[in-house]
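For reference, the chain that follows is the form predicted alone, supplied as structure tokens.
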């Protein structure tokens, strides 16, 4: 083990801890659950082989998601520091750059995620007060850019900063223990309601069709692998940072399985919620591959057509989106806050305020231009997250001294840990390099589209 990096925080200084195991699990699942779960997974499943895609997704969750998540949990719990200091703790000062990539990824993602979170907040409030606009497309154009977008982004970030300022137990855990069970109940309730609508069966058939030939196409395999990795909030230090507040005797292998499959469950139920609604209301011709278009145009149009019931169901749906967006945003800001506390010795409130304000200022550009938001999303997910996941796999698989011993603290050492390190050494890096290579053309095309080839 490398010497602990020098800094303003001493090795023996007490660190906050989660008050309960369930508090940590709810917060970690909340970090993973976001807008991608609420729409992107179900759309990809429907368009790329249905049940075949779901099977591929589960396979890649086991081969990619679980190993990288266990790696992040192991490093975070062992080092009890944020990403930069944690990587230096186990690998020496030369590995601080990987932790810095995690912090940069969290900063970039939150800069535009706060904008989308503001949209969800506005739609939830409007559903409860004035209902959904008759012209959903025009209304989204007003909501999604300019000072309206900036205003809701600022409000969403104020809430995020306030929760993170409250600390791990009194802030993040307290919110997660209320918000995440509420999210699960709302989603199940809407899914059960959707099942009663005439035409719901067509939505299920669209969502869960089984097309093996389509599912085995190379682009579908890449999409399934990417979704399994992205949906778990890996490669950006959020899970690592949350793990740094775990007690030493926590069973990180068990927590890895619970978080991963809970995240999948939310994504799967989201499809059972969304597609029956869309098909029952005849909106299937208006959905598209874009998360934004479906969530903020097609679905509000569907809810508006339902009258009074639509306000209730739609309001509940957008409350669920707010919860998913907020819990993810909190975990992203915590990455920045933890790193600042480690590096500068700041107290939590100062780190949350400075970090939150900096992120909010960085989000002004995507708040005014949706193409910048889309580009930032592509760069973050296709480059930063994959690159971060690749780095952590190589670090734990090849650099870290006896990671199996660290991972097995709190549980019995077993053959599972041996398989885990083999996956990190060979399967995960090869697959992530493959994903990275295949995603470069899409990312470059968006860069050219925004800034031009010159």
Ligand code: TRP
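By rigid core we mean the largest C-alpha set that fits within 1.5 Å across both forms. Residue numbers count along the first chain shown, from 1. Model, not experiment: these values are computed from the prediction.
Unshown form predicted together with tryptophan; subsequent notes refer to it.
Undergrad: Given that tryptophan is not shown alongside this chain, does residue 111 nevertheless sit within 4.5 Å of it in the predicted bound form, heavy atom to heavy atom?
TA: No.
Undergrad: In the predicted bound form, does residue 37 come within 4.5 Å of tryptophan, counting heavy atoms only?
TA: Residue 37: yes, in contact with tryptophan in the predicted bound form.
Undergrad: Is residue 317 close to tryptophan in the predicted bound form, meaning a heavy atom pair under 4.5 Å apart or at it?
TA: No, residue 317 is distant from the partner.
Undergrad: Find out whether any non-hydrogen atom of residue 338 is located within 4.5 angstroms of tryptophan in the predicted bound form, and reply yes or no.
TA: It does not: once tryptophan is placed as it appears in the predicted bound form, residue 338 has no heavy atom within 4.5 Å of it.
Undergrad: Would you mind picking out the stretch of 158 to 166, 229 to 237, 356 to 364, 121 to 129 that comes within 4.5 angstroms of tryptophan in the predicted bound form, counting non-hydrogen atoms?
TA: Of the options, only 229 to 237 has residues within 4.5 Å of the partner.
Undergrad: Given that tryptophan is left out here, which of 32, 45, 428, 396 has a heavy atom within 4.5 Å of it in the predicted bound form?
TA: It is 32.
Undergrad: Within 4.5 Å, heavy atoms only, which of 27, 66, 54, 385 is in contact with tryptophan in the predicted bound form?
TA: Checking each option against tryptophan in the predicted bound form, the one that comes within 4.5 Å is 385.
Undergrad: Enumerate the residues of 328 to 364 that have a non-hydrogen atom within 4.5 Å of tryptophan in the predicted bound form, in sequence order, or give none.
TA: In sequence order, 328, 331, 332 come within 4.5 Å of the partner.
Undergrad: Do you see a C-alpha shift of 2 Å or more at residue 39 between this form and the one not shown, with the core held fixed?
TA: Yes, because once the rigid core is superposed, the C-alpha of residue 39 moves 2 Å or more between this form and the one not shown.
Undergrad: Do you see a C-alpha shift of 2 Å or more at residue 420 between this form and the one not shown, with the core held fixed?
TA: Shift of 2 Å or more: no.
Undergrad: When the rigid core is used for the superposition, does residue 57 move between this form and the one not shown (threshold: C-alpha shift of 2 Å or more)?
TA: Yes, because once the rigid core is superposed, the C-alpha of residue 57 moves 2 Å or more between this form and the one not shown.
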